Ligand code: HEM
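Encoded as structure tokens, the following chain is the form predicted alone, with no partner shown.
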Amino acid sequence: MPGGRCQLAPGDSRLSRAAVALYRNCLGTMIGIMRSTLAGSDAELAGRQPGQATSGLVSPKGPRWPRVVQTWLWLKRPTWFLDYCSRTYGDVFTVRLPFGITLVHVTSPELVKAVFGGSDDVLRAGEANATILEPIVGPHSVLVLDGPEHLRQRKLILPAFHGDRMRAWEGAIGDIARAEIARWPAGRPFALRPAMQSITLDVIVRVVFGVEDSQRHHELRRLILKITSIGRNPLPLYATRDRKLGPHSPWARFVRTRDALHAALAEQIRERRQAADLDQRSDVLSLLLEARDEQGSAMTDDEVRDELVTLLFAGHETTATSLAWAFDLLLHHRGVLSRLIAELDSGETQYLDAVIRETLRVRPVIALVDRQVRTATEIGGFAIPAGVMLCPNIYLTQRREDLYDDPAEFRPERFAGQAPPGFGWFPFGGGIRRCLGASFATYEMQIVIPEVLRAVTLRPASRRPARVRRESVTFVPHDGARCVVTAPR
């Protein structure tokens, strides 16, 4: 565990009992299956390091454990695994996962900068995302595009999140937050993360999709909740992808729900295009329909639909999880909470901004960003072969001792009136691929956190902050950030 004494080093006689049990119970059968299904050589499956690169540089080292062990740790003990790799192998290391997936992690600001500034011909973010995300967000999503197509979509979307335009959404977001807070039970524990998901989902439907009709609002919520529920466990979903396993397989249920969501959004787009007051509306859908590229062309209906779905999946549960982490940390650091409340009561927001930045630093929702390496390259003195994923590691970089004093501690004052270190804080990615909704996510947090603190007094339901648990590709509070409403404020 992080901060614990557990060591899992090859040849170490102090292997934990859990690891020994894992070896004995799992490896014999799973390695046999994996050898017949996974890409890669026997040496790779055994975890042995590749040899000298043709350039004379050596590939980054990493754990020598079989892929099945690394996969189990990546899924079940991700923070311990990343901390172990960082301590053992330094700023650049390799992790090997099933299906021939190889991840090369980089954790120093200089190398992160090099990746974000790398040539799009060599490092492809859209290509890295497409395999997993394209079935969800569609082929026109800014997340799965590279090159000129990506830049065009990005330029069309970005103006919708300009500061002046976002300020028009403050009242709607505040109303949504207050309505949800009014439903919270008093005097008994409940999980904050689902409550925050309810807020951010309503914000997406009202502010992004611009839905005003209550029946359509309800139907979109239902479809979104259903599809996100299916997607929370991606292993059975993608294991059944494109297989004829009947209408009740995870993939078949996902496709039906996705198509129904697409149809509902297509109807919303068609109606909005015909609205006489389109140019006067402030929702994101209307702004996307009004956007024009350098040639004066608008996005097609399919392009708009895919970008709406992208904003949904990139900004709904991630923002909700960041809000849950913020309150989990605040409630377990009473001095920070008291200072924040006092400054908000005085009308100041600088410390609120620091709390948000520190939350995103110490509890990033996404652990890493990735780039598909198209042609062999070099980074940090290591050879990076074509076909691997090069991954700036958000979690590890933002916990570097040479960047932050006591990096594991929650100390918002480190950001009070001070900008984060360059390429040492990137919870939204960086470079030309930085999340388009970053400003929207932080703006939403700037509204929701004060609304909660003005409305109720909370106490944590546990003595310690929540542990980090992996859910799909995100790091979430293991207990949903449970708390208790003690009194209205």
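Counting begins at 1, following the sequence as shown. The model shown is predicted, which means the values in this text are computed figures rather than measured ones.
Heads up, the form predicted in complex with the named molecule isn't pictured, but that's what we're talking about next.
- Here is the short version: of 251, 81, 89, 161, the single residue with a heavy atom within 4.5 Å of the named molecule in the predicted complex is 161.
- Of the listed positions (177, 106, 369, 123), a single one reaches within 4.5 angstroms of the named molecule by any non-hydrogen atom in the predicted complex, namely 369.
- The stretch that touches the named molecule in the predicted complex, counting heavy atoms within 4.5 Å, is 358-366, out of 358-366, 232-240, 413-421, 329-337.
- Contact annotation: residue 318 falls within 4.5 Å of the named molecule in the predicted complex, judged by heavy atom distances.
- Contact annotation for residue 150: at least one heavy atom lies within 4.5 Å of the named molecule in the predicted complex.
- Proximity of residue 437 to the named molecule in the predicted complex falls within the 4.5 Å heavy atom cutoff.
- Using a 4.5 angstroms limit between non-hydrogen atoms, residue 389 is distant from the named molecule in the predicted complex.
- At a distance of at most 4.5 angstroms from the named molecule in the predicted complex, none of the three residues 192, 341 and 452 contributes a non-hydrogen atom.
- Residues 427, 428, 429, 430, 432, 433, 434, 435, 436 are the ones in 397-436 with at least one heavy atom within 4.5 Å of the named molecule in the predicted complex, listed in sequence order.
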